[in-house]
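Below you'll find only one chain, the form predicted alone, shown as structure tokens.
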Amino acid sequence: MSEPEVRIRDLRVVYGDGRSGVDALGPLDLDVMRGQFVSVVGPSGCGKSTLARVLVGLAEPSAGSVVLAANERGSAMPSAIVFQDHAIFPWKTVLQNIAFGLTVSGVDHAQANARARSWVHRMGLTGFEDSYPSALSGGMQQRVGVARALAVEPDVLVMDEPFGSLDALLRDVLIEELLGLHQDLRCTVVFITHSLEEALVLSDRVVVLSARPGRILADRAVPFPRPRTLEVRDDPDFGSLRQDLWHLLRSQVDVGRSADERAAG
């Protein structure tokens, strides 16, 4: 068996110090193999976004380890992240936003722009190269965010609820686009979401976290073959797996509510 692209061992994240510290995540052990698409679901406040931030170095573990094989290979860009709120620069054009990570990593201006233009075309943004984010719809802004992350060719792409603020129709469109991108690129993806439907349509595995501090309750393989389309939702096994995972999540909502009530009391 090949080595994992992501190796997480005994990971814990605690916010604050001493008795006032809040256990946000863990302990948690998880492997993600190269080329896998793994979704992480769980109730609000369970540490999903904390996990995403740790994976890309925006937060530090309080204990345990997170190892990306790309770092051991000396990769130029081990990871990149796409946020829910787009997080693109309002003062930069579409082309400048997509090229930003490339220029920061030392790619010369002409090559960075050429690669950025190829992603403009690939993400359906042709004609908007010189537009600023304020002129774009939410869906187009998120396409810019995805393009900026993928343009640097990361070994691991982390996506933190990237479709959470979009309406249902636009979400479906972007899910279909992401299915196609993953099929073509075979990149390793860790996808944070509240939506079981998103997770099951997109993923090879779905990891369910408990109420805070997030621990792994279940790690389920998704049995549907690739290439995959949204029509997979019509498969009877899709509904049955979704229901099974929903019951797990529902139980954790009650656990989290009880813990909050005890803390308040």
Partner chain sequence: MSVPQAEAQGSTAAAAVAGGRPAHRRARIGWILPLSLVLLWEGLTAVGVIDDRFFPPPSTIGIGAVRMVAEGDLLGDTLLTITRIAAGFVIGGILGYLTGLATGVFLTARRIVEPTLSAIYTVPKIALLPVFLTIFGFGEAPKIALVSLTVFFYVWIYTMEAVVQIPRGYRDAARSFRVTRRQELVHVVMPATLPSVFTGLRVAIAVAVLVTISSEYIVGGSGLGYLIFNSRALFKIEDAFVGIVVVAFLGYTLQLLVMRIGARVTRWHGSAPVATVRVNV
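Numbering follows the first chain given and starts at 1. Since we're looking at a predicted model, the values are computed, not measured.
From this point on, the text means the form predicted in complex with its partner chain, which you will not see here.
Taken together, the three residues F191, R220 and P227 lack any non-hydrogen atom within 4.5 angstroms of its partner chain in the model of the complex.
Although the partner is absent here, A63 sits far enough away that none of its heavy atoms falls within 4.5 Å of its partner chain in the model of the complex. The shortest heavy atom separation between V56 and its partner chain in the model of the complex is within 4.5 Å. Taking the partner from elsewhere, A135 is found to have a heavy atom lying within 4.5 Å of its partner chain in the model of the complex. None of the heavy atoms of V94 is located within 4.5 Å of its partner chain in the model of the complex. Taking its partner chain as it sits in the model of the complex, the stretch 155-180 comes within 4.5 angstroms of it through a non-hydrogen atom at L170, E177.
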